[in-house]
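Before any questions on how it binds or moves, here is one chain, the form predicted alone, in structure tokens.
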């Protein structure tokens, strides 16, 4: 996935990876990434129909677009609405 992210970035379009496996993703040094802590695989933005948590995760990802980051730096974030 990071390969696709880099290809898009090379065209001048910023991207943000939402990863549930920060150790593996960090090895590929994504340009920007967040890690929603405690989320299960398949729930990258939250559980199905949990619009509130999904919106919060997407907003957090979009906020990363304007923050200067070093490649490979993954921000772990907590979303209390996800249980």
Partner chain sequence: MEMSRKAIPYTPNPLALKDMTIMIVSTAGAHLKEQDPFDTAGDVTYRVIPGDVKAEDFTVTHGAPKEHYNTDEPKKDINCIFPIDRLRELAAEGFIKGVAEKHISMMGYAMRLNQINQETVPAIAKEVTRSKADAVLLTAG
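Computed from a predicted model, the values in this text were never measured in an experiment. Residue numbers count along the first chain shown, from 1. In this text, the rigid core denotes the largest set of C-alpha atoms whose superposition between the two forms falls within 1.5 Å.
Although it is not shown, the form predicted in complex with its partner chain is what the next lines describe.
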Query raised in the report: Counting only non-hydrogen atoms and a 4.5 angstroms cut-off, does residue 63 reach its partner chain in the predicted complex?
Result: yes
**Report entry** Interface membership of residue 20, its partner chain in the predicted complex, 4.5 Å heavy atom rule
**Finding:** yes
Requested in this report: Using a 4.5 Å heavy atom cut-off, state whether residue 35 contacts its partner chain in the predicted complex.
Outcome: no
**Report entry** Distance check, residue 83 to its partner chain in the predicted complex, heavy atom within 4.5 Å
**Finding:** no
Report summary line: Checked 30-44 against its partner chain in the predicted complex; residues with a heavy atom within 4.5 Å, sequence order, are 30, 31, 32, 41, 42, 43, 44
Query raised in the report: Comparing between the shown form and the other one on the rigid core, is the C-alpha shift at residue 71 2 Å or larger?
Result: yes
